[in-house]
Each structure stands twice: as C-alpha cells, then as structure tokens.
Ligand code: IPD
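The chain below stands alone, shown as structure tokens; this is the form predicted on its own.
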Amino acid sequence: MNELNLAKKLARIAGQMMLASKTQDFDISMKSKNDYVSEVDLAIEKRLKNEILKHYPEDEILGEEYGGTGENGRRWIIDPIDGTTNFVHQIPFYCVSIAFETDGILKAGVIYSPENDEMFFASLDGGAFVNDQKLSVSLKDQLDTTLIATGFVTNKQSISLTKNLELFTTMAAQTRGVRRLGSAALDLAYVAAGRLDAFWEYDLSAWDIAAGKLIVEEAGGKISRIDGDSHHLDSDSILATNFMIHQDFVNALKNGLKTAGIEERESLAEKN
C-alpha cells in the first residue's frame, strides 16, 4: 500500500473513531488555557501510529500528542483531531490531518471531515481532490470580492493575538467577510476547494498545516508567510490564497500591521 492510500485508510479509521465517540462519555483535559485534549485525540493518534509502523516500521512520526523517531528520512505528520474545541462542544467542524514527507518534501496529504464525509487529499504533482472531485482554488482577483478565514492564538497572551485582532479588523473592512471556524486544516482544505479565497494564522504547528499546505498548492493556490516570505512547516505564520490575490493580501496585511504600529516579524518566541 502506497503512502497516500495508507493515509486515506487511516483517515477513515480516525473518522470512525470520532463519530463513534459522540455517543460515549470521554475524558477531557487541558494542555494549557483554552487548549483541549481529549482521550479520543490520544486514542486516535496511538491507533494511527501503530498502523503506520505495521507498514513502515522505520519511519518517523510527528504527532500532536505522541511521536516516534526514525532515521530513514521518511516522516508522517499527524493531527488526530484538528478542531478539538469544536469536537468537544459538538460543533461539526473538525477533522483528522495526515501528511507524509520524504527528506523534508511533502509527498502526500489527507484531511478528512467525518461529519460531512469529505476527504480532501493530494499527492505531489498529482493534483488535489475532495472524494472523487478534482479541486481548484477560486478565481477571485479583487480583495473586496473575497471570503477569507483566520484563527487566533488563545492559550496565552501573546503578540500574535494582538496582531491578529488588528488584522481581523483590517481585512473585515476590505473583504466580504472574515470567518473564524476553528480548524486550520479544514480552513486550508476550503481554500483548496475554492470555498474560501484565503486563510492566514500565526503560530501554528506542523501537524496543523502539513497536509493542507500540499493540498492547497496542488489545487493551484499559493502558500507563504504572512509577510510574503517563503513558508516552511516551522514558520511562525502562514498565508494561503488562490494565488491571484496573494500579493494584494500580503500588502493589506502589512499595511494593517503598520497602521497599528506592530512589527510583523516580532515572533511569539521573542515575547515569551
């Protein structure tokens, strides 16, 4: 079984576990303020890790809750439930995100939304799809016609929260609206599907964005840092657009921060 097919199989398993848990009581704890982890997150990641190691015992696994080392340049990046707060509160906007990379190059990505039975997936140079339908980003070329999304750091007081509140106000005035939906992975999938025209956020982790980054790019979109510089999985911000509005979006974000008197490059780490 190749890596993409395995990731899709694992995503189905995770989705089944999420839906089954809705009729059961499960423990919830706090990793930090406003940052939930449930026993469902832990059970799913453990199950996916075990399944991967059955097929590829030498691979590294980077997960939000667990992990595993490897020395062959192959790595799986897993978020068992992206949107755990939504999941805990029974808001049907959450997913599992699974990516696979070799020597730092993303090769496959899967995001599965069990509530809608939508599987977004992509392989490098193979295009992006939702279920059996090929994905393509939107064709909007004017900011004032776009619908966009963002997310907020809420688990600590940080410069990122301050910056993003300013940018939310700025972008709400220049677009048709800004949504804060609560799952970065699904936000990225929706950009790839043309449902959203852009998404930005600060201080996400690799497991939040790895699969979505590949899916957006394979759907014809563009990924960068918020300031327009090249994006890596450890970058302190991400901007995903339909490509056509990318530079206008970067300029609008920069102007919003400048007007607010905030230095964009001041990172979360530098403030804490």
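Computed from a prediction, not measured in an experiment: that's the story for all the values here. Note that residue numbering begins at 1 and tracks the sequence as displayed.
The next section is about a form of this same protein that is not shown, the form predicted together with the named molecule.
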Discussion item. Can you tell me if P114 lies within 4.5 angstroms of the named molecule in the predicted complex, counting non-hydrogen atoms only?
Written reply: no
Worksheet item: Are any of the heavy atoms in E64 no more than 4.5 Å from a heavy atom of the named molecule in the predicted complex?
Response: yes
Worksheet item: According to a 4.5 angstroms non-hydrogen atom cut-off, is T175 in contact with the named molecule in the predicted complex?
Response: no
Item to complete: Using the partner position in the predicted complex, report whether S138 sits within 4.5 Å of the named molecule, counting heavy atoms only.
Response: no
Worksheet, complete the sentence: Among 98-106, 167-175, 75-83, 139-147, the stretch whose residues bring a heavy atom within 4.5 Å of the named molecule in the predicted complex is 75-83
Response to the item:
With the partner omitted here, the residue among I223, V40, L204, M244 that in the predicted complex has a heavy atom within 4.5 Å of the named molecule is L204
Worksheet item: Across 168-188, which residues bring a heavy atom to within 4.5 Å of the named molecule in the predicted complex?
Response: R180, G182, S183, A184
